[in-house]
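This document opens with one chain alone, in structure tokens, the form predicted on its own.
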Amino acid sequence: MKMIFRLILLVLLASTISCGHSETGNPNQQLAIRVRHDTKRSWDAYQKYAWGKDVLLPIDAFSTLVLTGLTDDADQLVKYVTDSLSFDKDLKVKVFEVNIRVLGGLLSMYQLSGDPTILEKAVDFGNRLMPAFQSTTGIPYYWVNLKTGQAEGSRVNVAEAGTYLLEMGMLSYFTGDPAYYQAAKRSSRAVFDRRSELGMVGEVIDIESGEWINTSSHICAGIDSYYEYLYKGWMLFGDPDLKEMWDKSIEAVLKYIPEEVEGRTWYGRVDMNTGERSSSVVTLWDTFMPAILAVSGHMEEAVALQLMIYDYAKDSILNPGYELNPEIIESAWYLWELTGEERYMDMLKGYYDVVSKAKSDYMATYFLAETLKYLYLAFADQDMYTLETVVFSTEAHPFLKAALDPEKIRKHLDIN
């Protein structure tokens, strides 16, 4: 199996390492080399100071290591997972967070490596999450204990309720058990079915009563990946139910949330029941949306949205920090891939200035999983990860849709 893994990595390496040779004619090759260097430097620092600890979760970095050709480090990570990683712990975890990071990372690792032990780990972990979905609405509880299966926390935001379709769907695909995907779909459907007469969803819901706790509707953190997974679930699995939910959802979003201010379009917050505007705050996290709008065919709206980021009513910076977020880079890459317009490449090359320049002793897991990956994708000569061949999860774990059998998808996920 190690030999198979090596061969896969060599194929990937052949398509990516060419960025370092001048004959490719790629004007951004030096930037790709720099990103690869920064990936190696960041990974080495993590290994030295926080291996297996902290919030970084080394599983998250695997596909970035593969993409950038760091084969020895990728090998080491597979060995760590197969030999040392155990989930049989009396530990309470956040269902949403570990789903997108741990389960998603394991499933992507399995698809890229073919190592059956990795799949065994993914199945074990997925089974430990399933008790969280045993609520009256089907929306998962906020917490679950990995050893006992005890679940708690009945108030969740919509992102925490509806960001399971890709990971649970891939787990069903690989195992032939539709229970995982159907649990994820039931949760997303439960949110969708509770939208207002305007077609909007709120931010926070009680998973036992199904009542809305917070009726603020927006595309910001707290709702964001619910929308993302409706469309990406459709892209990956072709489930017509997801396409219907996406179409109706995005129609309401584009009707009620955008606001024109001084000739520009901004996305703030409105009440889900009345459409009344409640906030003009725009954040770093909102900038994932241009990517989804662009790939779903709403290019005009995607281009307009890509240009905004702060409180547009006050014309002020509310939070001057940059926490190595990937969202604006992710959307710029999508728009670059889809349009080829240099202004999006210029965004990827740019430097973002903040007020104080103060530094923080903290690196989130998504920096290795997402930020560096999208930068490398933009600058390198590679054709393994394209919008035609791969669907990226909200944590940028690649699922190679070109390698999936449509008939097997329908059968294993129980899609009619």
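Note that residue numbering follows the sequence shown and begins at 1. Source: prediction; values computed, not measured.
One more form of this protein should be noted, the form predicted in complex with ligand DMJ, which is absent from this view; the next part is about it.
Quiz item: Heavy atom within 4.5 Å of ligand DMJ in the predicted bound form: which of Phe96, Tyr256, Trp212, Trp234?
Solution: Filtering the options by heavy-atom distance leaves Phe96.
Quiz item: Which of Trp285, Trp336, Phe87, Tyr142 has a heavy atom within 4.5 Å of ligand DMJ in the predicted bound form?
Solution: Selected residue: Trp285.
Quiz item: Taking the partner as it appears in the predicted bound form, which of 132-140, 221-229, 293-301, 117-125 has residues with heavy atoms within 4.5 Å of ligand DMJ?
Solution: The contacting stretch here is 221-229.
Quiz item: With the partner left out here, if you bring back ligand DMJ in the predicted bound form, are Gln111, Thr175 and Lys401 all within 4.5 Å of it by some heavy atom?
Solution: Checked in the predicted bound form: no contact with ligand DMJ for any of the three.
Exercise. Indicate whether ligand DMJ has at least one heavy atom within 4.5 Å of a heavy atom of Arg101 in the predicted bound form.
Key: Because a heavy atom of Arg101 falls inside 4.5 Å of ligand DMJ in the predicted bound form, the answer is yes.
Practice problem: Answer for Trp43 alone: is it within 4.5 Å of ligand DMJ in the predicted bound form, judged on heavy atom distances? | Solution: Taking the distances in the predicted bound form, the answer for Trp43 is no, it never comes within 4.5 Å of ligand DMJ.
Practice problem: Classify Tyr366 as contacting or not contacting ligand DMJ in the predicted bound form by the rule of any non-hydrogen atom within 4.5 angstroms, answering yes or no. | Solution: Tyr366: yes, in contact with ligand DMJ in the predicted bound form.
Quiz item: Quick one: is Asn325 in contact with ligand DMJ in the predicted bound form, heavy atoms, 4.5 Å cut-off?
Solution: Taking the distances in the predicted bound form, the answer for Asn325 is yes, it comes within 4.5 Å of ligand DMJ.
Self-check item: Residues within 4.5 Å of ligand DMJ in the predicted bound form, restricted to 382-396 and counted by heavy atom
Solution: Contacting residues: Thr394, Glu395.
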